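Below sits a lone chain in structure tokens, taken as the form predicted alone.
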Amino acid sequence: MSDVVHARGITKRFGDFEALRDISFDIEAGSIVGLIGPNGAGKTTTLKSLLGLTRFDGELEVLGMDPRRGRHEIMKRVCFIADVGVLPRWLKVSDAIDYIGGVHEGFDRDKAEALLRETKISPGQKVRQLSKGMVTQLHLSLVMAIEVELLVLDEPTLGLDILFRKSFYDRLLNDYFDHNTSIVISTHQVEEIESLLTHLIFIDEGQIVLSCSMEELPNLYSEVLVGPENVERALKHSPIHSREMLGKRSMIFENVSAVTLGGLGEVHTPSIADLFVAKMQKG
């Protein structure tokens, strides 16, 4: 399977601050990648690099093109939803639909209007009449109606209630994703996207601390609920994270076989949220 993104040694500095530190990763065609990290970790800078919105050092190809020189061509085949939706306050919803239809050949007007009918937004409303959440819904409805090869989402459901967030992710998986389109999602709502992902990237302080497929996770990481009688034995296997839970100790291990851990307690694959905490706290 070919890669839609190929990054090697990407570094970005803002004065003395190094936002990205020599990061390398690939994104396969047809994958759904979760880019997860704390505030200030470098997520948005990474996404802006992919889109040609910021300069950087290193080697980067998006759909076979360098975004520093081919951004115009790349954006014909890529859609981006930022964490803050910005539209002119005087613009009517119907005008926004007309505009996107005029500038993007892959836009499906019927699909956009169908998506908007599932909201409380009417075509005659102006942006200034919409709540923050409704502006986000408008953005999502417009972008989800565009056929592209790469969809980049930076906190796409920020400000939305849980019902619309669930509806959005269900639609993303069932209606939009066709295994030809690749999707990169950066969000703090890790639990809501876990079931969607095919690949996972953790970034912290401008460095990638984990990059693997979801299929690889069970072979790399295990979580064990260890009783008091087995804590000392478990510690000999150097857990990367440990916390008290219901009188026992939950431990996460890296590259320790399930057979080895089986005698210590109940073994299962950690959730992305728990694994994220373990990797960010560095044991």
Partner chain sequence: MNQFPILLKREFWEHRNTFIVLPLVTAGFMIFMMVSLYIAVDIVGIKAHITLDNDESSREVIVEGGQVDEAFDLMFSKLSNLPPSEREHTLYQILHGLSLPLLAILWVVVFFYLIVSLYDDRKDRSILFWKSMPVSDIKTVLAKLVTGLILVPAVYLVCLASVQLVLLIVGSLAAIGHDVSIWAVLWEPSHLFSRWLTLIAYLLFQAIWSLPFYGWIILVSAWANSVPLAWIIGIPIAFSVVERIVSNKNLVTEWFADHASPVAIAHDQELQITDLLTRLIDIDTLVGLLVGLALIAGATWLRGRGDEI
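Only the largest set of C-alpha atoms that superpose within 1.5 Å between the two forms is called the rigid core. Given the structure is predicted, the values throughout are model-derived calculations rather than measurements. Numbering follows the first chain given and starts at 1.
Unshown form predicted in complex with the partner chain; subsequent notes refer to it.
The partner chain in the model of the complex comes within 4.5 Å of a heavy atom belonging to residue 146. Within 4.5 Å of any heavy atom of the partner chain in the model of the complex lies no heavy atom of residue 164. Not displayed here, the partner chain is approached by residue 53 to within 4.5 Å at the level of heavy atoms in the model of the complex.
When contacts are judged by a 4.5 Å heavy atom cut-off, residue 249 does not count as touching the partner chain in the model of the complex.
Only one segment in the set 66 to 74, 253 to 261, 213 to 221, 33 to 41 has any non-hydrogen atom within 4.5 angstroms of the partner chain in the model of the complex, and it is 66 to 74.
Checked against the partner chain in the model of the complex, the candidates 205, 155, 95, 194 yield a single residue with a heavy atom inside 4.5 Å, and that residue is 95. Contacts with the partner chain in the model of the complex, taken as any heavy atom within 4.5 Å, map within 87 to 117 to 87, 88, 90, 91, 95, 98, 99, 100, 101, 102, 103, 104, 105. With the core held fixed, residue 209 shows a CA shift below 2 Å between the shown form and the other one.
With the core superposed, residue 75 shows a C-alpha displacement below 2 Å between the shown form and the other one.
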